[in-house]
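Encoded as structure tokens, the following chain is the form predicted on its own, with no partner shown.
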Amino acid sequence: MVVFSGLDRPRGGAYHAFWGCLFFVMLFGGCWVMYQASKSVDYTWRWYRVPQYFYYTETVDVRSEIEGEVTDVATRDNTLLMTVQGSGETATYTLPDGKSLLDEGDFVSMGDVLGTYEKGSPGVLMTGLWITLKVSAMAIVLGIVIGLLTGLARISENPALRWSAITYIELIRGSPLLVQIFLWYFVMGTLINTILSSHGFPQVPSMWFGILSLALFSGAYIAEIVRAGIQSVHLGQMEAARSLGMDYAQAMRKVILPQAFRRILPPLAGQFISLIKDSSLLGVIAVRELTKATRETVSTSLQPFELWIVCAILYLVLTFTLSMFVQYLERKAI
């Protein structure tokens, strides 16, 4: 007779059906409470205005830069070409898929509108989302490199490497990320850009100091994750690899790290998700990432409810997508 206890006890279909229904009841109940609460607030919801902050179309006026007569209006490959003949000079204007407001023989002055066309551009939220993706991706890649090298140095027998790694890890983990961003931007950024300017080189944009601060911050935590993952592999694995004639680097690359990789994936995913959310702090150094773009849009449109909800959903999409990707890597690594 098999005796089950605790989590080993099998659950029937009725058990899962009951708790599954309870979950959806709580979910819809929470949504209903939020809806009722929003109705009690004196606020006009304008969701129809949100799409323009992702992609908008504007009407562009093409103006004459000279004074003269319109001598030719022709269409070529869905592009309208208009030629203006002035006194001793000729100018041709292009209206992609546009419409002309003048005909041949019409006289124009400088600054007159010749025609218009529609031009689509990414909205402020789409631009901020792209910057968040770019900053996070660069910081993750650089953080992995820094964390891997620091993690290996952390377990090295070389005192200089080990003590340097410990110092870096403790310094970074012992201070807030916001303070580190300020230090990199206002202190190191000022020093570096001053030196570059004195030698005639262009200055480093603020975004790169933000990426470096995020990478160094996450690298310290990744280093400890890597160290714990390596040390979780049984010591006999290294001894077996060395007995087969491998040197330390080969054993680490071919035997230890592949086994440690499967164990450090879950905590690495959590660190990467935190890094994406921490990128919202870069707005304090004028990096127009998603949070700063949303804050600017709220101040001009006076739509705090809709825009902050959309901002939260976009961050959720980013972090959930990354979480699903890491889970896919975990299944492939098993």
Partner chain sequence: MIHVKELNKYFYVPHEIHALKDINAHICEGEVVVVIGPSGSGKSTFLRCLNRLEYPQTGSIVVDDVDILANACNINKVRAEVGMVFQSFNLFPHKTVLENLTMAQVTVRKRSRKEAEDKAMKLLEKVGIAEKYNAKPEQLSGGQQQRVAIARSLCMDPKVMLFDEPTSALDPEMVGEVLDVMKALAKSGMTMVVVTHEMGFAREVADRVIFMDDGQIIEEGTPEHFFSSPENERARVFLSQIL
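Everything numeric in this text was worked out from a predicted model, so none of it was measured. Positions refer to the first chain, counted from 1.
The form predicted in complex with its partner chain exists for this protein as well; it is not shown, and the discussion that follows is about that form.
Checking R173, K254, K99, R76 against its partner chain in the model of the complex, a heavy atom within 4.5 Å turns up for just one residue: K254.
Contact with its partner chain in the model of the complex, defined as a heavy atom within 4.5 Å, holds for exactly one of L178, L244, V141, A160, namely L244.
Here the chain stands by itself, but in the model of the complex one stretch of 215-223, 256-264, 190-198, 148-156, 256-264, has heavy atoms within 4.5 Å of its partner chain.
Its partner chain is not drawn, but in the model of the complex it has no heavy atom within 4.5 Å of E118. Although the partner is absent here, D72 lies well away from its partner chain in the model of the complex, with no heavy atom inside 4.5 Å.
In the model of the complex, its partner chain sits beyond 4.5 Å of every heavy atom of G105.
Contact annotation: Q250 falls within 4.5 Å of its partner chain in the model of the complex, judged by heavy atom distances.
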